[in-house]
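For reference, the chain that follows is the form predicted alone, supplied as structure tokens.
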């Protein structure tokens, strides 16, 4: 076992993990943060997307020991403490960016990182689609997701171009 100290959603966590434990397993099984989903175990679907120090990563191919000393944010840490949805979460709800909901946490986490990376640029439909390429949805056909990301980005103060 390896002792790690990780700040998850603002709360310090100390735990013993096997060196081969994936971050997604640590979050789901040890911390019971089940919003981070396991979809493929190969980094293809994006359902496990979390942020480490503000950077979007896929937790199914990141070892828990790699998060030692880092700040991890999961979907559970995005909403306000009083339960008020983050503008991106609210946009997914309002613009029908989800259907079954399995991919939604990873989509929201990827969308938040997308907005942060592109603060100086105008977000267009093409940019949003290209940036979400590593996240798969098997239900929606993506148009609602693209509209949701555009609306959430705009609510976060980003410049958004025309989105159909």
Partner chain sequence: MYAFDYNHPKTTAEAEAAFKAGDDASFIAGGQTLIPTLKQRLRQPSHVIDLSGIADLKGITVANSMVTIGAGTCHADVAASADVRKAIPALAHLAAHIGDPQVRNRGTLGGSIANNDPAADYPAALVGLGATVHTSSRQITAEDFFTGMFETALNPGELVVRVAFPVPKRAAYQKFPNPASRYAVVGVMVAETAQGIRVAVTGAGPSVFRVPAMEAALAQNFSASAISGVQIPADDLNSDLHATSEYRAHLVGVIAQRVVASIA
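All figures in this text were calculated on a predicted structure; none of them were measured in a lab. Numbering follows the first chain given and starts at 1.
The form predicted in complex with the partner chain is left out here; the points below concern that form.
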property	result
All of 18, 117 and 135 with a heavy atom within 4.5 Å of the partner chain in the predicted complex	yes
Heavy atom within 4.5 Å of the partner chain in the predicted complex - the one residue of 30, 99, 124, 43 that qualifies	43
Heavy atom of residue 150 within 4.5 Å of the partner chain in the predicted complex	no
Residue 60 within 4.5 Å of the partner chain in the predicted complex, heavy atoms	yes
Contact test in the predicted complex: residue 49 vs the partner chain, heavy atoms, 4.5 Å	yes
is_contact(residue 22, the partner chain) in the predicted complex, heavy atom dist at most 4.5 Å	yes
Members of 66 to 96 lying within 4.5 angstroms of the partner chain, judged by heavy atom, in the predicted complex	66
